[in-house]
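One chain is shown next in structure tokens, namely the form predicted alone.
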């Protein structure tokens, strides 16, 4: 099968755009680990600011990666959950986690 390098490059660029920097993957990982409320997500990601988490969640909602549900309680509560589409990225995240663990071991072993 002949590979189309131009198409592969575009697909890689789309994936890297989706990953979108430092916080996107940790937010997805937090959501997939069951954190639903804003503060739960925030506490589960060391170093993320409230402003950055808010920005990430808004962008993810716009891109159909997160479903935001507002409950008319007193006080109003908001929950976030990964969409089925977002969950399709789960295997890739697990591979990234595994590769990162292996890489860390490799580097430490070969110092």
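Being a predicted model, the structure only gives us computed values, none of them experimental. Residue numbers count along the first chain shown, from 1.
The discussion below concerns the form predicted together with another copy of the chain, not included here.
- For the chain shown alone, residue 45 is a contact residue for another copy of the chain in the predicted bound form, at least one non-hydrogen atom being within 4.5 angstroms.
- Contact check for residue 71: every heavy atom lies farther than 4.5 Å from another copy of the chain in the predicted bound form.
- Another copy of the chain in the predicted bound form comes within 4.5 Å of no heavy atom belonging to residue 111.
- Using a 4.5 angstroms threshold between heavy atoms, residue 33 counts as touching another copy of the chain in the predicted bound form.
- With contact defined as any non-hydrogen atom lying within 4.5 angstroms of another copy of the chain in the predicted bound form, the contacting residues in 86 to 110 are 88, 89, 91, 92, 93, 95, 96, 97, 99, 100, 101, 103, 104, 106, given in sequence order.
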